[in-house]
Ligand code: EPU
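Next up: just one chain, as structure tokens, the form predicted alone.
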Amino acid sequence: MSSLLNDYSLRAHNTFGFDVRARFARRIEHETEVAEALHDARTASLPRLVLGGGSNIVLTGDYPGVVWLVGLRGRRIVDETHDTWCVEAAAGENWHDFVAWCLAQGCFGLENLALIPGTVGAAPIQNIGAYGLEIAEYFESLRAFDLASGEIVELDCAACAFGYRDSVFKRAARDRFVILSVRFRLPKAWRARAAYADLARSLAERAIDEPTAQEIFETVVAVRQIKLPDPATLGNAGSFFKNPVVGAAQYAALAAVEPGLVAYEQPDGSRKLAAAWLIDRCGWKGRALSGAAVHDRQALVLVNRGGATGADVLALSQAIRDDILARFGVELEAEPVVV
């Protein structure tokens, strides 16, 4: 049976770098250890938190229960058809490293999602996306341990109920599953996805008219490194807010009084507003409350400048939400999970 770690620091397990502790922690490095951990009498009655890379979480204080640190490893090509490759990675694999590995195998399609922090297991929970792509588009299935039944199950795209930065794992199935591995079906007939404004601009600056998958990957990395802070040097959880979606009438009313309003038309006629533009318009970019601040280059990112707590970040996020609601009549929704 895996050993329990007592009074364990979670500072290295959350990208905000909050110095909080868990009453107990245990490492999950083999699939069989999930069942062992579930039935461990020493912690069976305690609250449980499953952590991968900790890149989408706000820890507001010491955790009174047991934290499972998922470190499952492994990557492979499962099969290939005439038209596709199927690739798989264990939940504890670093997401960016997995994207790079896919490219090295000649399996293209995920390159627009380069440098997104976190693990493979966290990717379906958030339905991560960037530069015109969400993982739901290439997702095939995942394997997960069902904590309710004690069995390993397989869930397809429909069962995961993906939405914009959303999935069943954030709603009806929250805290029910421990994701073990994820599979993606990637097309052999690859085409570059380079229409997203920042990506297209950077490619043009490099005089790349017909980019390869590797050039898309490298350009995405370069753009993200310019715009977004590295959690290893400045604590953050990436984009903190979702881009809000409003109806056509509300968009028209806002556009009439807010010159330059940035929005993207959706298939149903609604508009997805750029949350970063709204936040910047309210003067929050670069501002701080206590040790928490809005990043000075990307208004969607809240950062820990040193010594901030989860409460500081939540107070800052609420102040921003209040201002956005007061000025635009729009509710911002936070992406990270608050514990």
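Quick note: we count residues from 1 along the sequence shown, nothing fancier. In this text the structure is predicted, and so the values were computed from the model without any measurement.
The same protein also has a form predicted in complex with this ligand, omitted here; what follows describes it.
Residues of just one listed stretch (309-317, 58-66, 29-37, 292-300) have heavy atoms within 4.5 Å of this ligand in the predicted bound form: 292-300. Contact annotation for the candidate site: G129, S239 and A276 all lie close to this ligand in the predicted bound form (heavy atom within 4.5 Å). Interface residue among C107, L228, A213, V178, judged by heavy atoms within 4.5 Å of this ligand in the predicted bound form: L228.
Interface residue among R185, R143, R224, H96 relative to this ligand in the predicted bound form, by the heavy atom within 4.5 Å criterion: R224. This ligand is not drawn, but in the predicted bound form it has no heavy atom within 4.5 Å of R271. When contacts are judged by a 4.5 Å heavy atom cut-off, Y164 counts as touching this ligand in the predicted bound form.
Taking non-hydrogen atoms only, V262 approaches this ligand to within 4.5 angstroms in the predicted bound form. Remark: D198 counts among the residues lining this ligand in the predicted bound form, judged by a heavy atom distance of 4.5 Å or less.
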